[in-house]
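Take a look at this single chain, the form predicted on its own, given in structure tokens.
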Amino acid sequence: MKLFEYQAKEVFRSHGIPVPPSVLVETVPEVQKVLGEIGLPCVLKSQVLRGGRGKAGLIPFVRTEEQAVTEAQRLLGSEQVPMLLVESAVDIDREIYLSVTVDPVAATALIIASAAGGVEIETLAQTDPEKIVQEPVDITIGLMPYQVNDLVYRLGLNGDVAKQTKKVITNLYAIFEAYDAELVEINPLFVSKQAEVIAGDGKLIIDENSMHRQKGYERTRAYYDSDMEFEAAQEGIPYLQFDGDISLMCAGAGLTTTVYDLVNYEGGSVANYLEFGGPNYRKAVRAMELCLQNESKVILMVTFGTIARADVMAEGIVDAINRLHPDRPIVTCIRGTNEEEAVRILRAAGLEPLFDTEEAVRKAVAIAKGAC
């Protein structure tokens, strides 16, 4: 689960990592109200779960109240920005990159740092890899003081800035452990002209499998790009929204991804990715309801059930059709356990069962293009 910046900074603050003064707001009048508290100049930071906010114009720097109001109206007038973090500007001298993540190959934690902060670390790794410092940490032992000292030395820091950065690294790793994090990142970590080290941004991604231990983080509508994604998440159905013509309703994440690729290879486009296999294979009615909320031209159903039986999925599909009366064609390729019964059920409902995934994809693409 990826937290919003304001949530990550709340965690930072509670663990002794300095952050700029800030206030979370949802309306333009609130922005005007908090300017007296935050002061000018300040930064209006769109609270959205995506990278590249600065490049997308979602983090404007404002010097006057008039600018703040204009930018707040622009940002909050967009459906994509539900709230803003109004944050004091920092008098920046330089920027550092700092993160703790997981190295799945080595089965360790991995601290990544660079004195060239504020840039895309992936690009820097390709163009100037020598500017990136990495320190693996044995999770069973934890971060040792000598490792922190070595990191700061390799970053070329000294004096009070080095001392403050050591504390930030130590506390950042403590957050990584306490929050079962996949990633905790500060980019940039500001060094101000007053020689203060401050977290300019914050990212915290919690392992989904540990959410039963991480109380207090509820997925609200703000975490999702569309109503359908939010509704699907409440049902526990993996769902991604796109803008194509073919709604995918498939069983199995790997199979769904494969079908997505096949649709693109055939020149089609996907309206949504929906995976109703595993524990969700009896949720055909709810899955079809989600698909029908799209303006797609056809629903493509491809499943391969072993434990998730093909006949049960076929029964669910027919039940969904009888209840929802879909207004677009449906292409089915339902394979697996009790497949013969699944075929009988589909044919009795007037559907044509297909047995080859690529054939089913070609047919769906042809329907979407109006070829059949």
Partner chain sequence: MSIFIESDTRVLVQGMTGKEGSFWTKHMIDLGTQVVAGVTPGKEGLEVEGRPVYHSVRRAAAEHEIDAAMLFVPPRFTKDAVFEALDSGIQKIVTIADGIPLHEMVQIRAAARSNGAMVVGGNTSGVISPGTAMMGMFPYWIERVYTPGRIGVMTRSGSLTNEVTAMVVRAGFGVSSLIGIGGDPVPGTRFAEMLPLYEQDRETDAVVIIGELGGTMEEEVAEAMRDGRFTKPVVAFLGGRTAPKGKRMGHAGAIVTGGKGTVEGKIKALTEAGALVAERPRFVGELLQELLK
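Residue numbers count along the first chain shown, from 1. Since we're looking at a predicted model, the values are computed, not measured.
Just so it is clear, the following notes concern the form predicted together with the partner chain, a form of the same protein that is not shown.
None of 92, 195, 139, 233 but one reaches within 4.5 angstroms of the partner chain in the predicted complex through a heavy atom, and that residue is 139. The putative spot formed by 105, 241 and 305 is fully lined by the partner chain in the predicted complex; each residue has a non-hydrogen atom within 4.5 angstroms of it. Stretch-level contact check against the partner chain in the predicted complex with heavy atoms at 4.5 Å: of 127-135, 187-195, 80-88, 286-294, the positive one is 127-135. Within this chain, residue 228 is remote from the site of the partner chain in the predicted complex, having no heavy atom within 4.5 Å.
A residue is said to contact a partner when one of its heavy atoms sits within 4.5 Å of a partner heavy atom; residue 118 fails this definition for the partner chain in the predicted complex, lying far away. Among residues of the shown chain, residue 298 is not one whose heavy atoms approach the partner chain to within 4.5 Å in the predicted complex. Proximity of residue 336 to the partner chain in the predicted complex falls within the 4.5 Å heavy atom cutoff. Within 4.5 angstroms of the partner chain in the predicted complex, the stretch 5-22 places no non-hydrogen atom at all.
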